[in-house]
Ligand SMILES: Cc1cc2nc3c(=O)[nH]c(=O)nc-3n(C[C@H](O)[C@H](O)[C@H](O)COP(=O)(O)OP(=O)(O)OC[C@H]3O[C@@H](n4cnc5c(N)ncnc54)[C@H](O)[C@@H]3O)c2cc1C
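One chain is shown next in structure tokens, namely the form predicted on its own.
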Amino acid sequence: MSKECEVLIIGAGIGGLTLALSLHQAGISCRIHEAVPEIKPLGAGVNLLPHAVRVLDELGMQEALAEVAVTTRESIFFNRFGQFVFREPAGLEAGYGWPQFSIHRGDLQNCLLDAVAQRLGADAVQLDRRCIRVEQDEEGTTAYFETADGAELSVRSSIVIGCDGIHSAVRKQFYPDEGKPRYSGVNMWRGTTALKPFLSGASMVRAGWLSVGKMVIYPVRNNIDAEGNQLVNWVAEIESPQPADRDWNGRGRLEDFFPAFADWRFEWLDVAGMIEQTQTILEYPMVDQDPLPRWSFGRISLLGDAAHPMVPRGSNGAGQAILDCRCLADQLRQHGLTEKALLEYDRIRVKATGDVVLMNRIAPPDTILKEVHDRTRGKPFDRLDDVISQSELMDISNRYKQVAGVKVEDLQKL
């Protein structure tokens, strides 16, 4: 059986599509096989930090993304009473050489999908191909797929990369006894709704704390109608004894979380009203998996959520997948389609992403909110400086940036 391509990518999510563009730029042929029969703009908001936008810019994607995203200007923190806690500039405003984008996941996926079709051809992404298993021999790999009508097919390639997400069949093949994901004790509910611009019109807000209710709110599309409204993404998080189903598109119920936010009506935003007017609410547990010791086995490896599912804090899930793509393409270009290339990819990315997974558990950026909540015992304050200094808050933010690889001095544009 002849090889269909040099690299077979399993999964057409953010990681799989970005990898295809990265490999194409490196002169390596690839194809994507995706399980769903139709790609739909599902999900809600995603934040792309400057380190991820840098990679996408190198792939010629920045202009297209800027047209559909909001260029984030600041990250700003409040307590559950709407009192200001901390502000820091974001992206270009902070001195990075690249912006931070807040974008709907569907818009991001569609931009990448369009670019793949234009550069690699309309047949570069094959739908209705659910991966069953992957095998390898001395000459290459064979991936086996099943279609919705029960038909089976196989594809030969030199390398296989599993970009098949949190329920990765490729990961399960190598770690069949891994067990259930680690539940953080927090569930989240998400939605998008049309609102007038608030604060700077490009602000990423974090407010409250998990024990009493925490919100993350930011716009993901500008000027969605004749009235100048934005599409605003919100995430509500609350400590919960039982995890929700691990399904990114699982539907949530208003009554399960709204009481914690019913009185959140601030001068700068009517949070309760925003939630109430949301038509579709999604629910997801804040879960991750312990970092793996390795992703690569011979000619097969993992990438993105399949390799390092992490608690969605710190705006780093999609970003780390994008960084995986750049590293993997670089290693394949340098070492060829070899096991050595995949081992080098492991050496560079396994520890780096593992550190982010663990940091997201103990000290993500919203640890700022925990410190304020704990020191005030969840009550309003008269003077913030009597509670915590701005320098302490900045230290918390900088510690996360150090681990996540987003310190501004490390990302200056050359």
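In case it trips you up, residue 1 is the first one in the sequence shown, and so on. Given the structure is predicted, the values throughout are model-derived calculations rather than measurements.
One more form of this protein should be noted, the form predicted together with the named molecule, which is absent from this view; the next part is about it.
A heavy atom within 4.5 Å of the named molecule in the predicted complex is found for exactly one of V160, L303, L332, V232: L303. Comment: the named molecule is not present in this chain, but in the predicted complex one of A321, V155, I238, V205 has a heavy atom within 4.5 Å of it, namely A321. This chain is displayed without the named molecule, yet in the predicted complex the stretch 126-134 from 126-134, 293-301, 271-279, 92-100 comes within 4.5 Å of it by heavy atoms. Although the partner is absent here, L59 lies well away from the named molecule in the predicted complex, with no heavy atom inside 4.5 Å. Taking the partner from elsewhere, H33 is found to have a heavy atom lying within 4.5 Å of the named molecule in the predicted complex. Put simply, R246 is far from the named molecule in the predicted complex: not one heavy atom of it is within 4.5 Å. The shortest heavy atom separation between R182 and the named molecule in the predicted complex exceeds 4.5 Å. In the predicted complex, the named molecule lies beyond 4.5 angstroms of every heavy atom of every residue of 66-87.
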